[in-house]
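Let us start with two forms of the same protein chain, each given on its own as structure tokens and named structure 1 and structure 2.
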Structure 1
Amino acid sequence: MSGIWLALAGFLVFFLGYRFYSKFIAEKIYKLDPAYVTPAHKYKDGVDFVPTNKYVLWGHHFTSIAGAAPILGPAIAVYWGWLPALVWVVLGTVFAAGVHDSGTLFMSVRNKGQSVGTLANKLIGQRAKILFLFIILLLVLMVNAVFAWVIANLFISNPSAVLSVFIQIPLAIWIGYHVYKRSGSMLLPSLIVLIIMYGTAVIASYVEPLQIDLVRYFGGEGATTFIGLNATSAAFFTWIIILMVYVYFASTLPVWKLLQPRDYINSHQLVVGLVILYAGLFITSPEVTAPMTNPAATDTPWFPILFITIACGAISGFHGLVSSGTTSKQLNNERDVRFVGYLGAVGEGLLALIAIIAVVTFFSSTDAFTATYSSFGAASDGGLGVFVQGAAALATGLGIPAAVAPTIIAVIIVSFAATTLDSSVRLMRYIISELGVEYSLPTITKKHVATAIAVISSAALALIPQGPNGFGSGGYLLWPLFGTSNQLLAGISLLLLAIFLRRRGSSMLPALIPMVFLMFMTLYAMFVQVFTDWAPWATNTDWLLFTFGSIIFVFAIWIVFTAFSVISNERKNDKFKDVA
């Protein structure tokens, strides 16, 4: 069967979801009011609160939520075959992510553009806000450690991509100054930067001296280098230290100097990447060689682990932070909630969909797939690498030479991951400062102290010697908790939405059903992992995962109880109202 059919099936469900379900949600549940004065108009200040055209806002929202995570999860989850991953991505986007993203946007618009964290404080209480901060702190810590390894891994396996990625930094700073000092447009300079980057990638693919291959510099695989490390481990160590030093400076610079211009260039790359992959798919029409379901996948059950392996791409709590953080302050008309919020989630679903297709069409036969995806551990280790190869195979359909295509795909992914790393270290710094204010610890509220804590803790986690995928992959020790934490965050946001809808007199079921589903899956998956896989009484005890997993498990249980108590209180109040 051609991979095109998977894409068409996905498109069809996304279309039906937007055309009918989102319309139902917008009109019957949210009851969007075009006459409502949105915060963008009410508090218009030309900085945060700016009424923005819905197409522009959708693009801005989509590029903010899309990153490397919707690629990583699906690339691993195809271990159970393409069908479970496809169904979860498509239905998760339509019934959970679409409601979650548009719902958090709507809720924030109706609450002066406040963020989900502040709304948690308002609707549930102070403890909910602190819980929220801790979950996000754990999330960003994992992202920092894992993405540092992912970038180091791609640099080592694609040395021709390194120069292009590093060239982007000074050029992005130049664009930032160009716009700031001269108020110039970013379009042309950023396209020039893109051409320079891809041009460098093409040249570096053929000219070996331009390939920055640390393993070779350290004497090749097997050679022993400093502190007894072999060349590969030394390369990981060096790249991770370089990345952490870079990210320290990048995340303490004003946003407009580096992060924003990089984001701008990366947004082009997102569009270029999506166009290349989908056009490549329709031109080459590759065969799906991975099995529909993988009977050999017995070491880790798909139910319920699939639902925490694919978070971004099906539903992600992180989107609620973007919806309620910036997008809600720029919404021109309340009616645009449907277009911006729901279609933003669909955009992310499309990215996850092509990630699945790129992986399942890459292999020459089902046996080749089974050999690579021999265990869940092997899938976690090699999933992203397979995606790079699969995406490169699709890109060759557009006439891009086979020697160049993997380099360009690696440049795109590293660019995403590097910006995510910068943003998440910055976010971690803000949270550490906020916790410092909350617990009266003024020292850690300082910018450089908070950043140093963020960077050192992330580097320490990444460089734990027990990393499951080799030296530098310590972040993967906690990675099984990433999906869980992300889903928990989404669960809390859906819970807030359910309470909010109930208070408005609407049915809370569209928010409550995905919330219950998510919470059940998350708790079930956590229970299986924490108490049977990692616990002290299990065969492979893992104290680190057991400790962190137990903390998050308690958080999750607490949220479920809060949900029940808040909703039952609301019901009691209703009864009193009836009596009165």
Structure 2
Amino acid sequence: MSGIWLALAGFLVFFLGYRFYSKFIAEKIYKLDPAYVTPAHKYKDGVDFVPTNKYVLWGHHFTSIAGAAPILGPAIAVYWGWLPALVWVVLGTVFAAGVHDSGTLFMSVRNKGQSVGTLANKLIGQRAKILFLFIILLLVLMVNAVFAWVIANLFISNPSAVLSVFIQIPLAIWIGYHVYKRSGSMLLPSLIVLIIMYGTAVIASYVEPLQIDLVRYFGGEGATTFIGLNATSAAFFTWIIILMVYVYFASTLPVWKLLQPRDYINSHQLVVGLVILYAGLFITSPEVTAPMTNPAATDTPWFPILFITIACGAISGFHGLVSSGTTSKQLNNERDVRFVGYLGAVGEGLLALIAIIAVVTFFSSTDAFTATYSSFGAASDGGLGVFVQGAAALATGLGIPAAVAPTIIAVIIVSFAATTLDSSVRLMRYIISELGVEYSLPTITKKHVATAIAVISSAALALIPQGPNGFGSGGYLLWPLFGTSNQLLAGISLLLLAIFLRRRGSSMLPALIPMVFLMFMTLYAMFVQVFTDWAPWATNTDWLLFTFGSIIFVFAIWIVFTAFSVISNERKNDKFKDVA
């Protein structure tokens, strides 16, 4: 069977979901009001609260949520076969992610641009808010470590992508000044930047990387990649430090200076990437060689692990943090909630869909697939690399040289991951500041102090050494917990949305149904992982994952019971009308 049929099936469901279901949600459930004054206008400060054109904001939102996770998760999950991964991505996007992303955006817009953590105070109480903020803090900390690990690995394995990614930064700053200081257009400059980036990628693909020996600085093997960084502990250490220095400045600058213009560039880059991959798919029409379901996948059950392996791409709690943390502060008109929130989720679903297709059509035979995906561990280790190769194979169908295609794919992935990393550090700064206010710690409410705490703790977690990989393995080690924590956050956010909708007099079912499904799957999976796989009494104890997982699991159970207690006991309570 051709991979084209998988794409067409996904396209049809996504189109119907946005055309009809999102319209129903926006008009009948949320009842969006174009006359409502959004926080971007009410609290405009030129730094965080900035009214933004919906297309530019969609670019920021889309690229902030579409990092490496919607690629990595599906690339691993096809271990159980392409059908379970495809069904979860498509149906999860339409009925869960779209509602979650647009719903958290809507809630925040109606509450001064506050984060979902702060909204928990209004909806289910002060104690739940504190617990929720700590869960969010741990999640964004893991996001920072995981994405720093992903970027460092891609730079090491694809050194030709480095210059293209970093040249984007000064060009994006130039666009920011051009647009906001001179009221110029952002479209043409961003397209020019794309041409420069891809031109640089083409040149770098044919140039031998500079070699610098790192032994004199860090010890270990000599370096053989761009500016002396290779897959040794010294390379991981160096790249993560470089990334953390960068995100410190990127997350403290006003959003119009770097975040918005770079995200707008990356939104075009994402569209270009999707067009290249889908066009390559339709031109080459590769056969699906992976099995529909994999009977050999017996070491790790698909139920319920599939639903936490594919987080971004089906539904992700991190999206709610972006929606309520940065996007809500830039929304120009409330009616844009549907376009920015729901369509952003559909866009990520398209990315997850092509990730699945790129992997399942890459292998020459089913035997070749099962040899590579011999175990869940092997899938986790090699999934991202297989996607890069599979996507490059699709790109070559458009005549892109085989030497250039992997570089372009790596540039696209790193650009998205870096955007997510920027937004995540900014969100972590907001949360640290909120906790500082809550516990009367004025020092950590300051922008640079909170950012320094976020950056240093993220770097420390990413650099946890283990095994032969040395520095830089911490982010990888956290991936199993990232999926469960991410989905728990999404479930809790849907629970808050259900309460919010009930108090507005709207039906809570569009939020409640996916919430119940997601919470059951995630809590079940987390219980198995934390108390069976990672516990002190398990065969392979992992104290890092057990400690983080236990804290998050207990906090989540506490919040869920508190929320359901509120739902069961509350009738009509006038003191909560301010959330509507």
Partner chain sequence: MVDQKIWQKLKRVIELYDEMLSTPHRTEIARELRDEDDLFLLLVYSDMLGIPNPAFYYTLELYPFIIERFHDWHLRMGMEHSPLDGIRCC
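Take the two forms, superpose them, and find the largest set of C-alpha atoms that agree within 1.5 Å; that set is the rigid core. Bear in mind the structure is a predicted one, so any value in this text is a computation, not a measurement. Numbers follow structure 1, counted from its first residue as 1.
Undergrad: Looking at both copies of this chain, which one is the form predicted together with its partner chain?
TA: Answer 1, the form predicted together with its partner chain.
Undergrad: Superposing on the rigid core, does the Cα of residue 532 end up 2 Å or more away between the two structures?
TA: No, because once the rigid core is superposed, the C-alpha of residue 532 moves less than 2 Å between the two structures.
Undergrad: Rigid core fitted, is the C-alpha displacement of residue 38 between the two structures 2 Å or more?
TA: Result for residue 38: yes, a 2 Å-plus shift.
Undergrad: Once the core is aligned, please say if the CA of residue 104 is shifted by at least 2 angstroms between the two structures.
TA: Yes, the C-alpha moves 2 Å or more.
Undergrad: So if we fit the rigid core, how much does the CA of residue 330 shift between the two structures, in Å?
TA: Between its two positions, the C-alpha of residue 330 lies 8.8 Å apart after core fitting.
Undergrad: Could you tell me the distance the CA of residue 117 travels between the two structures after a rigid core superposition, in angstrom?
TA: So the C-alpha of this residue moves 4.2 Å.
Undergrad: Core-aligned, what does the C-alpha of residue 347 shift between the two structures, expressed in angstrom?
TA: So the C-alpha of this residue moves 2.8 Å.
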